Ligand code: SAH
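Take a look at this one chain, the form predicted alone, written out in structure tokens.
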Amino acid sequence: MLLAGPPLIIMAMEAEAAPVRASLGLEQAGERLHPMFPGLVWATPKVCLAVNGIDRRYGVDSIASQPAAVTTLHAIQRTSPSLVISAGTAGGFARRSGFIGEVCLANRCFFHDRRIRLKGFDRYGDGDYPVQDMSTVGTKLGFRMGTVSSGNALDAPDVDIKKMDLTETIAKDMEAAAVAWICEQFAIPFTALKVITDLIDSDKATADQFSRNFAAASERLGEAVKELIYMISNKGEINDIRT
């Protein structure tokens, strides 16, 4: 199913989304996607953006895979997008030449923490979801192409790191694979755009790195999303992502 709507950006945290909305001129108030869920959407003819929203029980951003899947489902139904972009911050790896503030664009997308050691279910757990070939666009923009891998924890135990090493992950997040799964069900092109806040293989604590670098990384994310949307919408590259 090939849909003709504008690109749709899916995001988890409001502090990440605010710079992106500012860069795209989405100044109006967001609209609820569903009365029973906190997700919000900003929709225009050129670009749409949805955020998971604030969890009504805990009062924090609805991060990780479940809210991402629900928000993506509702946003696709609302906007009929031609492309879905999971955008946000992520962890990276110094041993794969990653650095704080690096912009990464997906060419593969996995779950690294769904370990189901049963025949057939192991591949289902991994995911390895379809990712739109954006290599031409990524190269032109100077973004790094590579694997984005998702899991529902901020930390990364050795078993998860081993999986990310096997898939040569360059960006570890908590949402992209869930968004990719929903896109696969609708046969809608998917990619993920991530900016690195912390290096997983650093001797510094992940939470400390994240807190220190989050604001700057989110600002860079706003710039990177604008560059990507401009490229695919105004420079003729939109044909590349719809084939």
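These numbers were taken from a predicted model, which means no experiment stands behind them. In case it trips you up, residue 1 is the first one in the sequence shown, and so on.
If you look for the form predicted in complex with the named molecule, you will not find it shown, but the lines that follow are about it.
Are all three of 106, 134 and 227 close to the named molecule in the model of the complex, meaning a heavy atom of each within 4.5 Å?
Looking in the model of the complex, the three residues 106, 134 and 227 all stay beyond 4.5 Å of the named molecule (heavy atoms).
Just give me the single entry in 85, 170, 75, 90 that has a non-hydrogen atom within 4.5 angstroms of the named molecule in the model of the complex.
Spelling it out, the residue with a heavy atom inside the cut-off is 90.
Listed residue that, although the named molecule is not shown, lies within 4.5 Å of it in the model of the complex (heavy atoms), from 94, 159, 153, 166:
It is 153.
When the named molecule is placed as it is in the model of the complex, which of 39 to 47, 205 to 213, 24 to 32, 182 to 190 ends up with heavy atoms within 4.5 Å of it?
Result for this chain: 205 to 213.
Whether residue 13 contacts the named molecule in the model of the complex should be assessed with a 4.5 Å heavy atom distance threshold; does it?
Residue 13: yes, in contact with the named molecule in the model of the complex.
Any chance residue 63 has a heavy atom within 4.5 Å of the named molecule in the model of the complex?
Residue 63: yes, in contact with the named molecule in the model of the complex.
Using the partner position in the model of the complex, report whether residue 174 sits within 4.5 Å of the named molecule, counting heavy atoms only.
Residue 174: contacts the named molecule in the model of the complex.
Mark residue 70 yes when one of its heavy atoms lies within 4.5 Å of a heavy atom of the named molecule in the model of the complex, and no otherwise.
No, residue 70 sits far enough from the named molecule in the model of the complex that none of its heavy atoms falls within 4.5 Å.
If you apply a 4.5 angstroms heavy atom cut-off, which residues in 191 to 207 are near the named molecule in the model of the complex?
Contacting residues: 197, 198, 200, 206.
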